[in-house]
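Single chain ahead, by itself, as structure tokens, in the form predicted alone.
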Amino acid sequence: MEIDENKDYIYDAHELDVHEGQIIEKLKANSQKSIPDPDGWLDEDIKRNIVLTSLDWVIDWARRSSLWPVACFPACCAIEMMAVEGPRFDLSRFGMEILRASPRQADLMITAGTLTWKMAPNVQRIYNQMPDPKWVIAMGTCGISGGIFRSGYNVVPGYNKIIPVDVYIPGCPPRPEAVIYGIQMLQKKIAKSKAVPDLNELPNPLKKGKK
């Protein structure tokens, strides 16, 4: 390809050099100071990076946000509990999407249905195998008071006769909305509990050797 040296250009080369030099000199004159770091969060006051809370609140928040229920449904209220676990009511929103088959992996027992004295030792054994801290929800009339069978000689008149109950959910059977409300009540109860013992409640190793 041949280049015509006699070709006329629209812009003069000298004028372009002068114009470009003016732009560079202007940029140099306006660039004497360093541009500040755009990450403003690095220079925020220390008060914006401090969250004041208590150790009790943090531990209770973790406990109430990840309850692990154990499957302990002796009777028909389990049908409503299955509905709560389904996609419509979505119990996983409360961190309870998995029903544990082993009490050693659970911290919440949801009891439901008529309990006979023959079954009572097994329910109590399941509760004793759960690690602390642990909670119990009595679901349905039968779980609360024995229901229509409470006058029977072989029926336990309420789970609170053999294990401590934290929340009662009435109904025969209670609707899934009632079960969710009862779980929320338990979460509020956990949020108010004392997770860290006081200093005077802690064991003193110096007193072990003293008589």
Partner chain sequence: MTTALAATEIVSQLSAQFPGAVEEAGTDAVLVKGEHLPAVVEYLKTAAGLKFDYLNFITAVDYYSYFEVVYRLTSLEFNRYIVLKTRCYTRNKPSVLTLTGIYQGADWQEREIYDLMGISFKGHKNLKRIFLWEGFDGHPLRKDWNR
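Bear in mind the structure is a predicted one, so any value in this text is a computation, not a measurement. Each form is matched to the other, and the largest set of C-alpha atoms that superpose within 1.5 Å is called the rigid core. Numbering follows the first chain given and starts at 1.
Here the subject shifts to the form predicted together with the partner chain, a form of this protein not shown in this document.
Proximity of W117 to the partner chain in the model of the complex falls within the 4.5 Å heavy atom cutoff. The closest non-hydrogen atom of N154 lies within 4.5 Å of the partner chain in the model of the complex.
Contact annotation for H14: at least one heavy atom lies within 4.5 Å of the partner chain in the model of the complex. Taking the rigid core as fixed, one finds a CA shift for L27 of 2 Å or more between the shown form and the other one.
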